[in-house]
Each structure stands twice: as C-alpha cells, then as structure tokens.
Ligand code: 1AE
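The chain below stands alone and is given as structure tokens, in the form predicted on its own.
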Amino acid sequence: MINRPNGQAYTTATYRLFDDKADFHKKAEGIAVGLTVGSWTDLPEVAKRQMEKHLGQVVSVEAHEPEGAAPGERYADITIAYPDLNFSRDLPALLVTVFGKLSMDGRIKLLDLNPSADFLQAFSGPRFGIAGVRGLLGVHDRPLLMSIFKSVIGYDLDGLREQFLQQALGGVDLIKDDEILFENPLTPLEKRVETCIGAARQAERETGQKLIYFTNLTGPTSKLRENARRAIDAGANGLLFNVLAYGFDALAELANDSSIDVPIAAHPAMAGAFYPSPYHGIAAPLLLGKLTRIAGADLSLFPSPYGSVVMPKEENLAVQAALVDKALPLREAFPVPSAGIHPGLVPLILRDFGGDVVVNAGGGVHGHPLGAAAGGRAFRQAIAAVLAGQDLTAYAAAGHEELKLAIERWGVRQA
C-alpha cells in the first residue's frame, strides 16, 4: 500500500535484483531513498516532514531462491513507488529517475513501469493505432501484410521504384524502408517518397488495394520534425523511426505533432543492447511494448520467436500484450513480429498473435522463386488458408502456385 501525502500521484517501477548475500528488503529501502531524497535516517525531523512528499516507497519485495539453482541465481522482484512530484512529464525524466544510476548498480533489470494517470495525461500515444491503420487501408477482417526493401543501399530511384512496384503488386498492405537507409545522393528523401508513392498509385490502379509506405525518418534530432513534414509534403503516408537510437522523447514529440498526421512504425534497432540479458537492461515487454506505445508508435517491430533473430516466445507474447493492454488508456498498437519470416510460418504467427498482427517479411517476399510480386501473393494465400481453417500444403496444392513454390523453398514450420 502506497502512503499518499496530500493524495499525490506515484509511478511504480518493478525490478529483478540478483544477489546471493543481499538483504533484499534493506536493498529495496536503499533504492527507494537513494533514487529520491538521497538520505533519510540522518535527516532531522523537520527536514523529514518537508521531504516526505519526495520520498520513494517500497511497495513489495518478493524473494526467490530457486531449488537447486546455481550460485548467483538468488533474486528478488522489487517494486518501488516514485512520487510524480520528483520528475517532469517526459519519458527521459522518468527513466533517469527510476533506472538511471541504478542500472549500473550490480545485477538488476527493470521489468516494468506503471506510470500514474497524471503522468500519462502528457502523452497522446498512438495517433492511429490498430483501428486507425486498418481504417486507412480499409482492411478490417484479416492480419496485415508488410514487406521490406531488400536491399536499398546502392539503388537509384529507378531501381527503387521497380522494387517497390513488385512488392506492391503482390498484395502487401504496408511497405517499409530498411532502417539503415539514410539520406543519400541516389535516393534523397523527397525524391524517394515521390517515386515510391507514384509506384504505390500504379499498383493500386492494378490491384484496387490501398498501401502505406513507411519512409525511414532520419537526420539530426533537431531536424526530425522538419524532415517528417518534408516527407509528408512529398506524399509519404507513413514513417519508420529508429526509436531507441533517437530516444522515446523524440518519438513522443513526433506523435504529439498534429502536422505529422501519418502512422509511425517503431523499429527495434539497438534493442539487443537493452533486453536480452536476464541480469541487466530493460525487459522487452516494457522497452518494445509499453514505452513504445506510450511514446506514440502505431506499430512496433520486434524479433519473432520463429525467424533469424529470435526472441523467446514468452517475451514475444508479453510485448504483444503490452501493445494491446486495455488497462493502458491509449490506443492499441500493432505488434509486428519480424526477422526470417516466410509463408510457412503464417499458421504459427496467427495462432500465437491472433488476427490483429502484421505479418512482416523481407527475404520471404523477395526470395520467392518467381520474384517479389509472387512472394507477396504467397503470403496472402497463406493468410487466406489459415483464416479458412485449411492446411497450408493442401491449400497450396489446390491451384495456389505461389504458395506451393514458397513451401517448396522454405517448408512449413509445425511448432
């Protein structure tokens, strides 16, 4: 139970602390004091009364000593409440408060944050979210399909246009730049957008299908808003953003800007520096789920449990849960499990993530024996098969040649 002097608001943080010898309750008290008022027992009573409203509070300490565990595996999950009075209404201030110097204090990982309702009022969250992105596309009854440029570096505008067109003709809903495509002489921002949107319009005339192009938003942080508006003025209807390289606050600034009125997809580049260790960093569901959603991403990409950059399924599903958790008073964001995805994985993706998911593929589209357009059609056929409750191989054999060839190349993953 949190003591709330004058009814003030608190944000809680939950940590996992590993230590064979520590008194976890004493350690928790040290964190609560050390990250807020700095000292407590040595303060005179007058100062204590003055500082009490700034003091962190221990909410819970759950110690675990796994039976038969190796030395060093004794741990505790500790929850601390931090007065909102201590930090400004921005994510950098919150993160520095709850995990700044603490992140360097031994084997400790930040598992979760529960910002107060007061704190969350400073954030609009996803401008579009799942429902809004579906509304832009007019697709409400199936998972969405995204494809990725592979590759983009070294292509001129003509080469980029042809690659975009082939992806679009395959029936994908979303196409994104590669996260490593930055401003360059061959494909400068406005020209790249104009070229790709022109190809999108041509594909729409042929297929009748709308498409969102997520242009990689790059440049110095001070130029991000300007570059976003340049892209939108050139016709961009989506933005890709390397959120961890630029910071959550940069994403929040973009999402809160009414002139940047297109969906934003958050790329997880650099996430491996934060979440994989059980002993350090920030847990994936918080990093790529809750914080990314609070900051305003409409879609969040993260490693899938099946492909080439693997995240354990338990963590995957926890990321998804954070993106769609109705307890958070913000629009739900699309989960985009990524890396190494091919049509034979579609049954697992839909089984594990349900219908509100983006199936995202690069090599699984471009590596199709008949080219990228056929690769897109193979994915659409795989999605249709799963939604119809049919076996993928049987569906492919019943006149769906693109899916058949994809299965011959990559197989069908069973579990």
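We number the residues from 1 along the sequence you see. It should be emphasised that the depicted structure is a prediction, and the values quoted were computed from it without experimental measurement.
There is another form of this protein, the form predicted together with the ligand, and it is not shown here; the text below is about that form.
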query: Contact residue in the predicted complex, chosen from 162, 118, 178, 226 - any heavy atom within 4.5 Å of the ligand; finding: 178
query: Contact assignment for the ligand in the predicted complex, among 338, 320, 187, 215, heavy atom within 4.5 Å; finding: 338
query: Among 320-328, 98-106, 118-126, 263-271, the region lying within 4.5 Å of the ligand in the predicted complex by heavy atom distance; finding: 263-271
query: Distance check, residue 202 to the ligand in the predicted complex, heavy atom within 4.5 Å; finding: no
query: is_contact(residue 148, the ligand) in the predicted complex, heavy atom dist at most 4.5 Å; finding: yes
query: Contact label in the predicted complex: residue 56 to the ligand, heavy atom within 4.5 Å; finding: no
query: Contact flag, residue 361 vs the ligand in the predicted complex, heavy atom cut 4.5 Å; finding: yes
